[in-house]
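This document starts with one chain, in the form predicted on its own, laid out as structure tokens.
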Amino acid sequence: MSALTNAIEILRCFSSARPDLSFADVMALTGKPKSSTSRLLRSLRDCGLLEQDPHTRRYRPGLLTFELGRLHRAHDDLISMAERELREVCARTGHTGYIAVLDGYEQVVLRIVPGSNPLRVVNPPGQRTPALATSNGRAMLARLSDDDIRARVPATYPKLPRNSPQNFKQLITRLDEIRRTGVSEAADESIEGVGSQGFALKSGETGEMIGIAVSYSVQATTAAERANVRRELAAMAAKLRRLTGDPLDQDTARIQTGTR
């Protein structure tokens, strides 16, 4: 960890005001000995995090840092774009919205858009929930092949609420239905008395995938309201997929032919 910490300290020396640095600049900014500075700069250059001008011998951020920054911006852009659209849906429906990502067989909440209804369901950012038991979690899993899903789900299938899939076969049946209809719903699963509808969104550029859902009280929400949420989310999904180049059709075809 000390080597990594020292390398990060050097990378932090670069900024818009200091786009390139000499060997002496790095030594002065970090206070590190000549031998350590030389070794770290050489390692950072060799792995692509830094580049060295062959004429001036000055260092600047390398291609790898640019690629990592581009991926980060693309991921953040995907989430920000989805959040803007989700805010509009939540404002119209009054329900709470979520954006999450997959981590193994779990989903992790990244963003929350509170609704205006008096009864609001809020899971804090960072909260983990089995993706097998949520609408947006299952929507994300449905974009993966059965083999990919099997690799994520523990060999001892997790204990889930009774309305959730109780074994791997039931899970795949639910996911196949999502793949066929494009509709993913949950009720009385991760939280008793709470229902939700969700979909998955994938960037055509980076392959990053997020799950978007709107949640509501099962008892306090009418069938007409749930149908309206379904229409709102379908329109939102269609718009975002056009904007992000979401390869939904290609993913579906690969899963159906067993090539993914």
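In this text, residue numbers run from 1 along the sequence as written. We call the rigid core whatever largest set of C-alpha positions still superposes within 1.5 Å between the two forms. Small disclaimer: the values here were computed from a predicted structure and weren't measured.
Beyond the structure shown, there is the form predicted in complex with another copy of the chain, which is absent from this document and is the topic of what follows.
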Point to revise | residue 69 within 4.5 Å of another copy of the chain in the model of the complex, heavy atoms | key: yes
Review point. Taking 4.5 angstroms as the cut-off for heavy atoms, does residue 53 touch another copy of the chain in the model of the complex?
Key: yes
Practice item. Verify the contact flag for residue 48: yes if a non-hydrogen atom of it lies within 4.5 Å of a non-hydrogen atom of another copy of the chain in the model of the complex, no if not. Key: yes
Exercise for review: Could you confirm whether residue 125 comes within 4.5 Å of another copy of the chain in the model of the complex, counting heavy atoms only?
Suggested key: yes
Review point. In terms of non-hydrogen atoms within 4.5 angstroms, which of the given stretches 171-179, 102-110, 84-92, 154-162 touches another copy of the chain in the model of the complex?
Key: 102-110
Check your understanding: Which residue among 38, 206, 228, 217 has a heavy atom within 4.5 angstroms of another copy of the chain in the model of the complex?
Key -> 206
Review point. Looking in the model of the complex, is another copy of the chain within 4.5 Å of a heavy atom from each of 12, 43 and 60?
Key: yes
Review point. If you look in the model of the complex, which residues in 2-36 sit within 4.5 Å of another copy of the chain (heavy atoms)?
Key: 3, 4, 7, 8, 11, 12, 14, 15, 16, 19
Review point. If we fit on the core, is the Cα of residue 230 displaced 2 Å or more between this form and the one not shown?
Key: no
Point to revise | Core-aligned C-alpha movement of residue 240 between this form and the one not shown, 2 Å or more | key: no
Check your understanding: For residue 219, is the CA shift between this form and the one not shown at least 2 Å following rigid-core superposition?
Key -> no
Revision key, fill the gap. Taking the shown form as reference, the Cα pair residue 101 and residue 65 shifts by 3 Å or more in the model of the complex and sits closer
**Study point:** Closer or farther in the model of the complex: C-alpha pair residue 65, residue 104 (3 angstroms or more)
**Key:** closer
